[in-house]
Ligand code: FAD
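Quick heads-up: it's one chain on its own, the form predicted on its own, in structure tokens.
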Amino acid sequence: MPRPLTTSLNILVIGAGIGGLSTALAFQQQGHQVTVVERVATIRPVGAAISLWPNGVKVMHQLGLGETIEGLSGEMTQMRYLTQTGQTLTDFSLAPLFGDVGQRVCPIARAALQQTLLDAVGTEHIQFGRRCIDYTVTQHGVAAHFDDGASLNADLLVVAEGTHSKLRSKLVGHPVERQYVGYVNWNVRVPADEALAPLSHWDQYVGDAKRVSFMPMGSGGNEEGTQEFYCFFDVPLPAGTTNDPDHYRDELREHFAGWAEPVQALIERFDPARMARVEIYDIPPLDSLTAPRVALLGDAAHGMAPDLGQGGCQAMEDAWVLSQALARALEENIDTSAAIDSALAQYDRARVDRVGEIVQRARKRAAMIHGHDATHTQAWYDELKNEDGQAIIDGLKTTVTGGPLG
């Protein structure tokens, strides 16, 4: 029997990461009944911080969290590339980008972003410590099955369980293997200090196919209100190298011997207990992100290298596009099943090419930065010497304005 438009849908979201929570919040604000199920008992965000570019921040504003996000994030107004010995390659303002797109970038602690989303959704709507192992489409909707033997029924299932998703292959109909991008990333947050970098700069040291980054991330990552830097080291290495926090400092000393003084100071200052060491993987672009009654979203749909800073932003875009598609479809269709089918088709059309292109661009940029072809990497270093910032800003603007909110 057709469901009247005044009745809300029952929506089940698998995964309480950035994408899952953004989706849950968007649907809640439309009046739907939303349950989020998260496999871990306690959420511990992987990585120190995340750079939310204007396309992601715009979604947060639409969801009513923009001012909070901006208040917790760092003020990053300048971008600079330097050689490994500290010589400036290019130094330019990001103000033209922010003016053109109508929004600044917001580097923010992952924990602060996660908590902001959790508070907005409400933990009473989240079930922790339950793993979804399968789903089946039923006569009237979809049933998700869990490792405790129980099942939950819903009108719509959103799979947002991250890059290691176990449900992804079932949804797309074939195995999807993660691909190693070719480098290891160590990331950490440290107290901001002018001796490391200017407090409003994003400084990146590059050389020998390696990179070190200093980015202002505000004070949202600590209780003391101390301004912090989000810092990372990139080194091209084979997959499967030893990950031992007791050795982080020594291995980074070896990889970055002779680099500029701020890099040496960072190596001596960071707390290994607060550092994450991550081998970088992505997944190949998918031909579809939907199946009957099910949508794939966030890293589960398009896990990507972080070299464009778009992983979290694309998950937020997914959430906004899916929720808006469902709102339109419910206005246009009296029958619930027809509305959900229409919404999923709209979501697929809007997102498959968009996220696939960004996955490919991120992988290409990762290869250039990390020396997959030494001549390409050297050519990039040479280009940076003559860069006035316009080409970089144009690239960032293209990524931002390609999103659903312009």
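When you see a residue number, it is the position in the sequence shown, counting from 1. Here the structure is a predicted model, which is why all the values come from computation and not from measurement.
We do not show the form predicted in complex with the ligand, though everything after this point is about it.
With the partner omitted here, the stretch from 259-267, 157-165, 217-225, 136-144 that lies within 4.5 Å of the ligand by heavy atoms in the model of the complex is 157-165. For the candidate set Q204, N187, Q103, T336, a heavy atom within 4.5 Å of the ligand in the model of the complex is found for exactly one residue, namely N187. Among the residues P285, G309, G71, P272, the one placing a heavy atom within 4.5 Å of the ligand in the model of the complex is G309. Taking the partner from the other structure, the ligand in the model of the complex has no heavy atom within 4.5 Å of any heavy atom of I340. Taking the partner from the other structure, the ligand in the model of the complex has no heavy atom within 4.5 Å of any heavy atom of R211. Among heavy atoms of F229, none comes within 4.5 Å of the ligand in the model of the complex. At a distance threshold of 4.5 angstroms between non-hydrogen atoms, E38 is in contact with the ligand in the model of the complex.
With contact defined as any non-hydrogen atom lying within 4.5 angstroms of the ligand in the model of the complex, R110 is the only contacting residue in 88-117.
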